[in-house]
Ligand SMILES: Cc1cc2nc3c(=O)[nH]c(=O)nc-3n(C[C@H](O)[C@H](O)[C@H](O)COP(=O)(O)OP(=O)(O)OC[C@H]3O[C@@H](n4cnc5c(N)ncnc54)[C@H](O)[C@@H]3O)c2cc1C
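Just the one chain here, laid out as C-alpha cells, in the form predicted on its own.
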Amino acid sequence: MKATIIGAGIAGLTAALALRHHGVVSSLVEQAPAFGDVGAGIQISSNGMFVLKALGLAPQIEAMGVRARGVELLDANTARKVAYVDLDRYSGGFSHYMLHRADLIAALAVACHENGISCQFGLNVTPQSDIMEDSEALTHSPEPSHVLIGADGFNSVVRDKVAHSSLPEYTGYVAWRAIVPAVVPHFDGARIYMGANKHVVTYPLRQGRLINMVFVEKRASWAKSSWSSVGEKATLCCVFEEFGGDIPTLLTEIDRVHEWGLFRRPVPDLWYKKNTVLVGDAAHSTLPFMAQGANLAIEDAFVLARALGSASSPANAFAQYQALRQARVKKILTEAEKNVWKYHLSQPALRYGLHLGMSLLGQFLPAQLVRRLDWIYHYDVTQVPSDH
C-alpha cells in the first residue's frame, strides 16, 4: 500500500505520520513554495492530543503551546465575568493546548522529515494535473494498491473526484483574526466576550508573549471569496468599539488583520470513490465555534491510517474509516452551528436571562459546564474504534 497526500497542512501532515505509524508509505504534495509562519492561533483539545501523543509529538506541543486552564465567559460591554469553565478542575486530567498554527505545522513537518516522508512543494494540483490523471489511471486495476488522499482543505480539488460539486453557502457570519503582542497580561485560557450580534475570543500563544484574537460579526451578506483577505483595521475598530475589558487596548496593537466570510458545504454522503478518499476540511468543513476543525482533521488522519494499515483493500479501509467517523463529525458540526447563538443575543432581556443562567450554573453546577462536552474531549480514536 502506498499513498499520495494532496495538501501538507495539519490534516495532510498528520495523515502522513499516522500512515507511517501504521506501516503505509506516503508522500505529500503542497501548492505553497514552503512551510511558512502563516495562520493564527488554534486550539488542540484532548481528543486531538491523544493522536499527537500516539505519534510522539506530545513533548513538542507541551513545550510550544500554552496549556488552557479554563474559559472565561464575559459580557462584552462591561467585561463582567459571567461564568468560568474550569478545565483544570473538571476536565478529568486531560490537557487542552493553545498554539500558533505555524508551530504545529513545523512540529509535524520535522517529524515527517525525520521519518523519511517526502514533500513536493510548489505544485498547484488541478483536475488536469498529472498526479490526478495518474491516480485516475490506477483505478482501472481491481484493487489498486496506490491511494490518493485529499487533505486540501475547504476548496478541495480532490473532493470533486469523490462527490458532486456544491457551491459554498454563506452562513451569515464574518470573522477577523489578528495576533498582537501581549501588552496586557492574559490568563492561561480563553476569554469569550459576548455582545449583541458579535463576539470576540482571545487567548495566549507562544508562552504568553502573543495574544490571538478572533472577532465574529453577524452580517447579512459577504462578497469576497478568500478566507485570508486583508481587512481594514479602522472598520474592525468601529464594529467592536463598544467592547470593554482589554479589547480597546488590544485593538490598538493590531498591525495586520485578516477578514473572511464563514461558509459551509454539505458533508458528502461518501467520502471516497475508487482509490481516492477525503480527510479534514476537504470532507467536512466546520464553523469555528467549537474550536474542533483541526482536532477533527487529526482524528480523521489517524482513523484512516489505521484502516489502511490493517484492511484487506483500500475499498474496505475507506468504508471502515467513514463508518467510524461520519456520525461523530456530523454531531460536532451541528454542535458548532448551535453554539454561536448564546454569544450573540441582541435583546437585552434575553441576554440578561441567559447570562444569569450561565452564572448560576457556574456557581452551583460548575462541573456541568465542562462535562457536557466530555463526548468530544474524552474521545480517544487511538484506543477504541467507535461510531460516537
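Since we're looking at a predicted model, the values are computed, not measured. The first residue of the sequence shown is number 1, and the count goes up from there.
In what follows, reference is made to the form predicted together with the ligand, a form of this protein that is not presented.
Student: At 4.5 Å between heavy atoms, is Phe318 in contact with the ligand in the predicted complex?
Tutor: Phe318 lies outside the contact set for the ligand.
Student: Going by a heavy atom distance of 4.5 Å, is Ile10 a contact of the ligand in the predicted complex?
Tutor: Contact with the ligand, yes.
Student: Does the ligand come within 4.5 Å of any heavy atom of Gln43 in the predicted complex?
Tutor: Taking the distances in the predicted complex, the answer for Gln43 is yes, it comes within 4.5 Å of the ligand.
Student: Can you tell me if Gly293 lies within 4.5 angstroms of the ligand in the predicted complex, counting non-hydrogen atoms only?
Tutor: Gly293: yes, in contact with the ligand in the predicted complex.
Student: Only one of Gly309, Gly231, Pro268, Gly153 gets a heavy atom within 4.5 Å of the ligand in the predicted complex. Which one?
Tutor: By the 4.5 Å heavy-atom cutoff, the listed residue in contact is Gly153.
Student: Which one, Ala182, Leu236, Ala111, Val125, lies within 4.5 Å of the ligand in the predicted complex by heavy atoms?
Tutor: So the residue touching the ligand in the predicted complex, by this definition, is Val125.
Student: Hey, of 87 to 95, 161 to 169, 276 to 284, 245 to 253, which bit sits against the ligand in the predicted complex at 4.5 Å between non-hydrogen atoms?
Tutor: Among the listed stretches, the partner-contacting one is 276 to 284.
Student: Enumerate the residues of 92 to 118 that have a non-hydrogen atom within 4.5 Å of the ligand in the predicted complex, in sequence order, or give none.
Tutor: Residue within 4.5 Å: Arg101, and no other.
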